[in-house]
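Before any questions on binding or motion, here is one chain by itself as structure tokens, the form predicted on its own.
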């Protein structure tokens, strides 16, 4: 009996070890994935019922000037400076929204929760947010809804019932396809790559990585995923993490994905300083201003990103429409000023549109 038990334990141990050895994936969430077709055939849009939250006894705000606070993941970086500008531009254009941005100095969910809680207490009509953690932020957002405050997310979602609407910069599987196809084109179908992300709990990065995993497995199965490392949206840590990957894997490492507007330029800087331009590809999401030096000197071929000014602008218009009662559950589109009508997807999300690809040919035309 003892031998039988030991044999079973050993078999389980070997099975578990083999599973881990075959699955180096980290940084992905465990939600279902929907990888796009390898040949680029568009996926059919699925109709889903509204799954957002509802404010309790919200007052009539139609046409009235509303006080709005924007609480991004953090302040002081180019990306959220750009979303803040878009919100301010929309507020000035509408003329009946007073908006301010007030976020933590680091991407810290506890600090973000404290800020939102303080604004619930002091009194605002609307809250815009980009979540550092979709689950941890949910209770304070639900508290805002219970206080009759309109709540709209952008960039990084919360649990759906903790806000009314979420402005999605791009569909996760579309970003995943663009990123993985770009990497495959640069490093080949059997190239090995690693990822520098923010944290494993940051919702948009975790969702992109999950969809990247599914798409790469389906369409580029011989590529090798080496490792995913966290860098906390910190420039120095992102550089150090990329540099560690370069030294750790040597010639095996053919590409680095940057999953944030901080990680991508830091990875490009690490590759440049290691004199590995042309040997290690950098593919990622970043603002054009941060990437101009690396794109213009040829170390980075292309950068994928939506316009964050437009993202903030759209979020402000969505919040105005919610406050006015013109955007309600069951809607199929919403007007977003100069951006026109934006589509409702996935029940309670507003889709900004297709991302922009910045290359040496166009990157100098943008300033954010």
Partner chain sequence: MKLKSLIRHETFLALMLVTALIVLAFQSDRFFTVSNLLNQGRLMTEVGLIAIAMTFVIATGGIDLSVGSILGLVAILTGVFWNNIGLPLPFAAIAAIFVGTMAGFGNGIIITRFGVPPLIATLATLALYRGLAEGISQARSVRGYPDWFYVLGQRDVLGVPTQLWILMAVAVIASVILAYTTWGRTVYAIGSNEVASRFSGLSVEKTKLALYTLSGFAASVAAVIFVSRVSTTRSDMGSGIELDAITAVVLGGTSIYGGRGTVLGTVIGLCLIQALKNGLSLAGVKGDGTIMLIGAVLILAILASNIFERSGTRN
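Numbering follows the first chain given and starts at 1. What you see is a predicted model, and the numbers here were worked out from it, not measured in a lab. For clarity, a rigid core is taken as the largest C-alpha set superposing within 1.5 Å between two forms.
The following text describes the form predicted in complex with the partner chain, which does not appear among the structures shown.
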**Study point:** the partner chain contact at residue 201 in the model of the complex, heavy atom, 4.5 Å
**Key:** yes
Exercise for review: Answer with yes or no whether residue 189 is in contact with the partner chain in the model of the complex, where contact means some heavy atom within 4.5 Å.
Suggested key: no
Check your understanding: Can you check whether residue 113 is within 4.5 Å of the partner chain in the model of the complex, heavy atom basis?
Key -> yes
Exercise for review: Classify residue 89 as contacting or not contacting the partner chain in the model of the complex by the rule of any non-hydrogen atom within 4.5 angstroms, answering yes or no.
Suggested key: no
Review point. If contact means any heavy atom within 4.5 Å, which of 105-113, 215-223, 90-98, 173-181 contacts the partner chain in the model of the complex?
Key: 105-113
Exercise for review: Identify which of 28, 339, 58, 321 has a heavy atom within 4.5 Å of the partner chain in the model of the complex; exactly one of them does.
Suggested key: 28
Review point. Does any residue in 216-230 get within 4.5 Å of the partner chain in the model of the complex, counting heavy atoms only, and if so which ones?
Key: 230
Check your understanding: Rigid core fitted, then: does residue 108 show a CA shift of 2 angstroms or greater between this form and the one not shown?
Key -> no
Review point. Honestly, after the rigid core fit, is residue 72 moving at least 2 Å at Cα between this form and the one not shown?
Key: no
Check your understanding: Is it true that residue 202 shifts between this form and the one not shown by 2 Å or more at the Cα, once the core is aligned?
Key -> yes
